[in-house]
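Shown next as structure tokens: one chain only, the form predicted on its own.
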Amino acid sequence: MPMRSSEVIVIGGGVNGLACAARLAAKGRKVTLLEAGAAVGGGAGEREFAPGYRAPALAHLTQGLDARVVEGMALERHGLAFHPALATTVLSGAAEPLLVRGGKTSGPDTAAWEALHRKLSGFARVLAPFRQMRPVRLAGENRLFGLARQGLGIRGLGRGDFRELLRMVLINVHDVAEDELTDDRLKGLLAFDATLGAWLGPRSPNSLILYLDRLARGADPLLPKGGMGALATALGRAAEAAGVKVRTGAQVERVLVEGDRAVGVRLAGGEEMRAGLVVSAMNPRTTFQKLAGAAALDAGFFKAVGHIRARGAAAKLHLALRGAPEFRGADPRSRIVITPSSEAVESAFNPVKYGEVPGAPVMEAILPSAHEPGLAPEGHHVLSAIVQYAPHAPKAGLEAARAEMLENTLKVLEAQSPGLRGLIVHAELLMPQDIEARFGMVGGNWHHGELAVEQMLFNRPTFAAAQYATPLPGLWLAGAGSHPGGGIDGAAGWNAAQAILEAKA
């Protein structure tokens, strides 16, 4: 097959791949981005799931894009704008709906929630710079000095606040909720938001650190004007404007290795492309196990890659509705979280550890069609929900688990929106296995590897590949499987591009 040359090949056209490619191209690199799908965006895109009904492909909100990505890619100039930050309506059993916006709410815990949110937001601001830093290696005096320098901002908290931050980082979110709050609705919201998309429950160790990471990206969720598809479109336009050559429908099946160095890729159709650098925004296990292969890697490293935990526990629900559902008076333009308590979140998590479906899943739902016209026929609506928890290895088999999961989810929704079942034109439930197959997320894990303390910073995705460079010269990582992890923000891709530029690779 004919050979094509490029200075840099980026594999994967999700948010991180686009951010990395645009950053490199803006610095004068000749970059080709290869995306297997028909359009860029990955999990941040949009798709028609039933005739005439469109919904966010996977992620339906963002906590906010990395500011460097927004400014560096001039995304506003390419059409990106956001609706005002969404308020959250918490629905909980027979209790009254509770409206929460950042640190503001009502009810018996108004002051307690405000105080807790202020304290946690302060800790999140201190930790936020870590998201934009390349993790240091714990080896050598200079590297240790670098880690200490990164920690100066934390030490600047003062002794008391520093001790409290360390306690919070090591504690679980359930205990924090029990210590600080009395309203079960707020306890449930805190527990749900801390565990959203993660393989852990509120009582799991270190679960609060995921809530701090969430707050580090923004206080309230955001929805792009035009929907998530508009975000993907703006990113694609910005990348092309920076000089990136974007090729869709280009599935990479192999990283070419010659002389112990990555030198290009081979596409599914047999076409080979050469490049000085290959940057993968794909899942690390996919990158090393399938694209590079064992023969190109040290045996110990290859084994470590196989030990990266990537269990997904979230399902994605799409409902095509012939009318507008009514959630007990909730604002249809708010984010609706159905979670009775922290205990309810834990109870939903427990069954999936044994491959079973929870009887009462908890969830986050939005009505994209309440914000944007054209997603459904006139008078009709689309509901998008992230449902927790779903077994990534169901004992009863995938289709039986899907049917049970859908039924249990609809029961929970119907309890909070009587008559909703009668509005359903079509229902689609993506289990973790579907998410893996459709979006290349191993295990169905949205972060391309579990966000756990032992898989963060200089251990993400592994110790030997934590600085975006990999043990295979010429091959770099730029996806959510690298630091700082997932979320629709582009930080990992931007960090990777910066590391490449600093290394003059």
Ligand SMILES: Cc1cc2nc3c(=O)[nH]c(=O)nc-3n(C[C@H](O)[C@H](O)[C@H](O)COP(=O)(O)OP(=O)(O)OC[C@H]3O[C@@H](n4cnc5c(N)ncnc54)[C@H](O)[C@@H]3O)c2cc1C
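Start at 1 and count along the sequence shown; that's the residue number. From a predicted model like this one, the values you see are computed outputs, not experimental measurements.
Below, we refer to the form predicted together with this ligand, which is not included among the displayed structures.
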Original post:
Which one, 47-55, 468-476, 451-459, 28-36, holds residues whose non-hydrogen atoms are within 4.5 Å of this ligand in the predicted complex?
Top reply: 28-36
**OP:** Flag P484 as yes or no: does it have a non-hydrogen atom within 4.5 angstroms of any non-hydrogen atom of this ligand in the predicted complex?
**Re:** no
Original post:
Should L189 be classed as touching this ligand in the predicted complex when contacts are defined as heavy atoms within 4.5 Å?
Top reply: no
Original post:
Any of the heavy atoms of R185 lying within 4.5 Å of this ligand in the predicted complex?
Top reply: no
**OP:** Answer yes if any heavy atom of V69 is within 4.5 Å of a heavy atom of this ligand in the predicted complex; otherwise answer no.
**Re:** no
Original post:
So which of Q289, N408, Q251, S106 reaches within 4.5 angstroms of this ligand in the predicted complex, heavy atom to heavy atom?
Top reply: Q251
Subject >> Option touching this ligand, based on a heavy atom within 4.5 Å in the predicted complex, out of V382, A314, A194, L413 >> reply: A314
Original post:
Honest question, do M73, G79 and G229 all end up within 4.5 Å of this ligand in the predicted complex by heavy atom distance?
Top reply: no
Original post:
Quick one: which residues from 8-46 get a non-hydrogen atom within 4.5 Å of this ligand in the predicted complex?
Top reply: I11, G12, G13, G14, V15, N16, G17, L34, E35, A36, G37, G41, G42, G43
